[in-house]
Structure formats: C-alpha cells, structure tokens
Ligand code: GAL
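Take a look at this one chain, the form predicted on its own, written out in structure tokens.
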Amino acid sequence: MNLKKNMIAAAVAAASFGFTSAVSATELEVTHWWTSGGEAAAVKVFADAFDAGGDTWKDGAIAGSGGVARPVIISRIIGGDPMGATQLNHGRQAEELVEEGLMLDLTELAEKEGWKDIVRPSSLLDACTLDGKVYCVPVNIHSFQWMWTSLDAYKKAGIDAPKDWNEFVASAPALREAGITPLAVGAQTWQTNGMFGVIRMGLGGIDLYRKIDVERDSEALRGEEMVAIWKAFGDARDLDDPNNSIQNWNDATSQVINASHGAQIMGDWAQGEFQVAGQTAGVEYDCLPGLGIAPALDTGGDAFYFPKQDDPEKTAAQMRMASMMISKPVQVAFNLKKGSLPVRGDVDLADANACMKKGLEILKDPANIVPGGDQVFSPDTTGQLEDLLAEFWTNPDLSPEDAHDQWATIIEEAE
C-alpha cells in the first residue's frame, strides 16, 4: 500500500517540521543493541527522523543481546563517559542510575506533551517514573508471549499447522519424520527464561502468572499447576535439536523462516525478521499469542534514557530526541518496522499486519495485560532465573522437580 511505502517519509517530514526550531545542529551518540536485520530497519526510522530535524544521530550499536550491552552502557555512564541517549528496557534496569542523579529529568517535556494521557498501558510510563519524575521515554510495547510457526514447514511435513501448544507438541513426531526440528531455540540465557515465561503463562493462565510475579505467592510457586508446567517445560526440552549450536535469537528465527524448524517461542520483535525476509503473516508463517491457549501480553519493551550532559546544547537535543521518539508519525513508522506495538493509544495502525492486529485486540482489554519481568524483578533476580533455566535446558540430568524447587526459592528470596 502507498501508506506503508511512504510511512518513513511521513515520519521524517513530520520530524523535520516539528524540530527545526533547534538553535544549532547537535550530534548525539545513541547506544542500543538493535543489530539484527529487522531491528536495524527500525532504528533507522529514529535516526532519519532525528537527522531530518537538523541534529545528527551518531549510532552506537553494541553487538549482542541486552545482557551484553547493558553492562557496557552502565559502565560508561558511571565512569563519566555518558552517551547522549541509550536504550534500556522498561522497569528497574536504570533505577540506581536515576537515584544517583545521572539521568536527565524529562518531567517538564512529559507534562507539556501530555504523555500521561497518551501512553498506554499506564504502567509503561510508571516504569519510567521515580518519585513522581519521568526519566525515560517508552517507545514500544514488546511482549514475549508469542509462538511463531512456519507454515512452509508444516506443508513440507504434510500436516496442518497447529492452532495451539498442545497441537504443536502432538505434531512433533511428524515434523521429525520430515526432517524438521520442532523447536528453534537460541542458547542465550534470556531466551530460555523468556520461553519458560511464555509456557508458564500459556499453560497456567494470567491469574497464576500474577500470583507468582506480582504477589510472590509461595503456594502458587510450589503448587500442582507449577509442577505440571515444569513437566511441560521438560517435555519442551526434548523438542530442541540435541546438537543445537544456535546462539542468537534472530538466527533461530531464521530457522523458522527457512522452514528447517517448525516453531519458535520468541517475542514480537521476531516479526521484523519475517518482514525483512519478505514473508507475510498467514502465508509463510503464523503467530500464536499465549501459545494459542491464553492470549495475553506482558508489557515489556524498550525505553530511552538520556544521561546528563554538561553541554546545554546537548541537553536541548536530548529533549528534541525524546519528543521525536514519542511523536505520532515516528511511533507508527518505527513500530511497523520493529514488529512491536506503539505506546501511544491515539495512532492509526490500519496498516498493521495480521499478527500485530492480534496484539492490538488483546491490548484492548486491560485484564489481558500483565507486567513484564523487568518491571517486577531486579536485574540480580532476573540473572539468577536466567542462569537456572539455561542450565535446565542444556542439562538433561537436572530434573524438572529439582529445577522447580530452585526456581521457587529464587523468587521467594527476591528483593
């Protein structure tokens, strides 16, 4: 459609119109970990819009996952070499940096532009707020609660594509017989942790998820529902290739795109890879939110923080960048490329694909929305959970029962 083809141009034009009041052009280094094909296409929307406003986006991409990038980002800020802006996730990742007075206060801009009235769900702006002040701009809604299936792989196997997790598990023998590995999995710890969260939500439902992540209910943590979920996670372990050497999430997504694997449990950012590969939702691939059983969204995502600068011109440019990132046209263009949902509730997404529309429909009902792990667990707790789940996935000698006990203990003792 012409609208889709012209989306970036519209965003750039709007950015140029809105931000050319800058007294002088200013260069800002922006650090992030968006390096896959789909992510690079999305971040270019931000860069083009910022440059069109008369300033200069100096890209500081850090190869690897957020787990690799965050220590580098934090070390630079603490060490007195701050970048102009940096990606982090919604939640508690920057809490200590804010408390130390190292992040720019965006409250005046947020109030002027009415962020409180346009950001949905409100928990995203709350996650940027400390002691009543806003310190980051949320740019998207990402949820891990998706399973992506290769329709081409199922055609090759001569069977119908699954509509839910149970059908997927049942299809595994037929996939293997056709030379197709059922489940594509990257070996990085955050991926295993996220996959477990999706299985936990899909099989246990939203109420159990809330009892554990929000209420830290010990009975729920160690109850029969979680026993069954840990058994299912153990069964899922057998759907992976025992000789799997894939590390990066997007390489695992490529296995689904290439139909060598049947499915991947991964966040909605995987959509960017399908788009770059020229695939269409409902044609070459399909998506199952909540494993097709309990559709829900954990509203994680990305936010940008702006480390304090000694240069007033850079500070002014930081404010222009924050305003650009949450502006209507940029929100639409960026999120269409990223595969995520916009944080603004007042934008037109008629051009969204079939999977994005599923997400938008889920988002309409607040009862379907739960906080992401970064919003409820500290980085230390998250790291412990990730390490345990990665060990379980790669060590068949670690039983579901023992892993369940260790997992429950970590959450019970969490800050």
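Start at 1 with the first residue shown and count on from there. As the structure is a prediction and not an experimental result, all values here were calculated from the model.
Missing here is the form predicted together with this ligand; even so, the following discussion is about that form.
For the three residues 165, 264 and 298, a heavy atom within 4.5 Å of this ligand turns up in the predicted complex in no case. Taking a 4.5 Å heavy atom cutoff to this ligand in the predicted complex, the contact residue among 274, 115, 190, 230 is 190. For the options 209, 154, 135, 249, the residue carrying a heavy atom within 4.5 angstroms of this ligand in the predicted complex is 249. Only one segment in the set 28-36, 346-354, 359-367, 47-55 has any non-hydrogen atom within 4.5 angstroms of this ligand in the predicted complex, and it is 28-36. For residue 269, a non-hydrogen atom is located within 4.5 Å of this ligand in the predicted complex, even though that partner is not displayed. This ligand in the predicted complex is approached by residue 89, whose closest heavy atom lies within 4.5 angstroms of it. Counting a residue when any of its non-hydrogen atoms is within 4.5 Å of this ligand in the predicted complex, the one hit in 327-358 is 338.
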